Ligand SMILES: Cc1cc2nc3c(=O)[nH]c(=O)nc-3n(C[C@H](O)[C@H](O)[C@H](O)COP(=O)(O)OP(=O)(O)OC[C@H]3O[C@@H](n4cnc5c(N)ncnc54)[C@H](O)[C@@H]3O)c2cc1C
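The chain that follows stands alone, in the form predicted alone, written as structure tokens.
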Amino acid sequence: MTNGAPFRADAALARRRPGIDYEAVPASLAARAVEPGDAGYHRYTASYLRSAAPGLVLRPQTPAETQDAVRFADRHRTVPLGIFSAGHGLSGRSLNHGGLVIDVSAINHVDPLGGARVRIGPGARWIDVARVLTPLRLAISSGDYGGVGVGGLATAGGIGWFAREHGLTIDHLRSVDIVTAAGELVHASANENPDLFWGMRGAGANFGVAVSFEFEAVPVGRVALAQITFAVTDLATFIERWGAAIEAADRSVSGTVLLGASRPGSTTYAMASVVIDSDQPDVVAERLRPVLEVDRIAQQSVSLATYEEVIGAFFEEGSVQQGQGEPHSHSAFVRHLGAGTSTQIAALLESGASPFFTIRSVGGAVADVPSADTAYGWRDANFSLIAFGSPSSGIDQWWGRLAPHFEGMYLSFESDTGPDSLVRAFPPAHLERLRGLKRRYDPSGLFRDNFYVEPGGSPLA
């Protein structure tokens, strides 16, 4: 080997995949590259829910090495390309079968810059961010699970425990450095390449590999984390009352409820997690009371927690992802959980089509940002719905019956990556603008394996 790659025995070389020029891997990446015959390959055979078997994994440690990786990928258009930061995405598109993967997990710095500003690498996990920000009494609204990588969430939207009070993750993004399809390192902010900055906040996977983010965090001390199990006998009524309680709640209250398949007339257990941004017992009790009154409570606990403890509540350090096959999930936004929407959700669950259904709060501060300001466009929705199932369970048919109640869709929770998904994911004017951006920054479609926006329209000047 002449490019600095480690020695590989014939048995390992025999597992190489067609279409990849292994001998041409750049010298800057060769020593850390992972092939199917290598000892570290198993890490890339499963994401959170999806199995994988990539042909080659490139692991840059710097923006310059990321440029080398993208240029190498550009010479391999015949195979898939995934961008991997932590592998938690529900659709599993950061990995693939037989293609290339650019793993940026080594670019994982979390650097406070003074005040509330912090620079973060795409490979950092949100638990890493929380561990740095918590002692500073700062936080970023950043999903609900510490094992999620910054890179994927911060380019898609970011619906987290502080969404109703502080908005989405992207609402706190102040700049981003991206390696584009041309292999160029580009800085984007409100003042520099503003159109690219717009597109990166909601559709970033289409425009390049983010290698650095600068965020403005918000002051957050200890908060209350309530975990409530409701014993539900009338599912439609519960869903409607849950929606009304969350919408009427103080903005410091954000919550998620998990529902599963049930039988009509039987008791269903709904598991809710609610964060209240206050450490004052009287304030917490007052703001939580309407939520507790939604239905009969089987079990509840309320504890004070730091940002790190909240984002790490469901995270286990060292856990191994073991996804298999292809996930099948659907996502949608709704403005309200009115009687019609709630009845249809209850019917879906009572059909047995979805064993895992979640309702996450959005609304509040999310709606303070004008829709046109970011590629993420569905600002008027108060709730995000996510349903898991299988084609044989009838989930697609039941989801279709709910469609008249939908207002858009969040890409991160959708497994269907076809063109119809893009129509649901972006308002028409947003999608047209994204197509123009794609024509400017990636006209030949290098980044095409994660909700591909086809180039079109006029490239933006």
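Residues carry their position along the shown sequence, with the first being 1. This structure is a prediction, so every number in the text was calculated from the model and none was measured.
Keep in mind that the form predicted together with this ligand is not shown, yet the notes after this line are about it.
A.B. asks: Which one, 44, 406, 398, 413, lies within 4.5 Å of this ligand in the predicted complex by heavy atoms?
C.D. replies: The option sitting close enough to the partner is 413.
A.B. asks: Which one, 335, 241, 93, 287, lies within 4.5 Å of this ligand in the predicted complex by heavy atoms?
C.D. replies: It is 93 that has a heavy atom within 4.5 Å of the partner.
A.B. asks: Partner absent here, but in the predicted complex, which of 224-232, 153-161, 270-278, 67-75 has residues with a heavy atom within 4.5 Å of this ligand?
C.D. replies: Going through the listed ranges, the match is 153-161.
A.B. asks: Can you confirm whether 170, 312 and 379, the three residues that make up this candidate site, all sit within 4.5 Å of this ligand in the predicted complex, judged by heavy atoms?
C.D. replies: Not a single residue of the candidate spot has a heavy atom within 4.5 Å of this ligand in the predicted complex.
A.B. asks: Residue 331 near this ligand in the predicted complex, any heavy atom under 4.5 Å?
C.D. replies: Close contact is absent here: in the predicted complex, residue 331 is far from this ligand, nothing within 4.5 Å, heavy atoms only.
A.B. asks: Could you confirm whether residue 120 comes within 4.5 Å of this ligand in the predicted complex, counting heavy atoms only?
C.D. replies: So residue 120 does not count as contacting this ligand.
A.B. asks: Would you classify residue 246 as touching this ligand in the predicted complex, given a 4.5 Å non-hydrogen atom cut-off?
C.D. replies: Flag for residue 246 set to no.
A.B. asks: Consider residue 85 of the chain shown here, and say whether it contacts this ligand in the predicted complex, taking contact as heavy atoms within 4.5 Å.
C.D. replies: Residue 85: contacts this ligand in the predicted complex.
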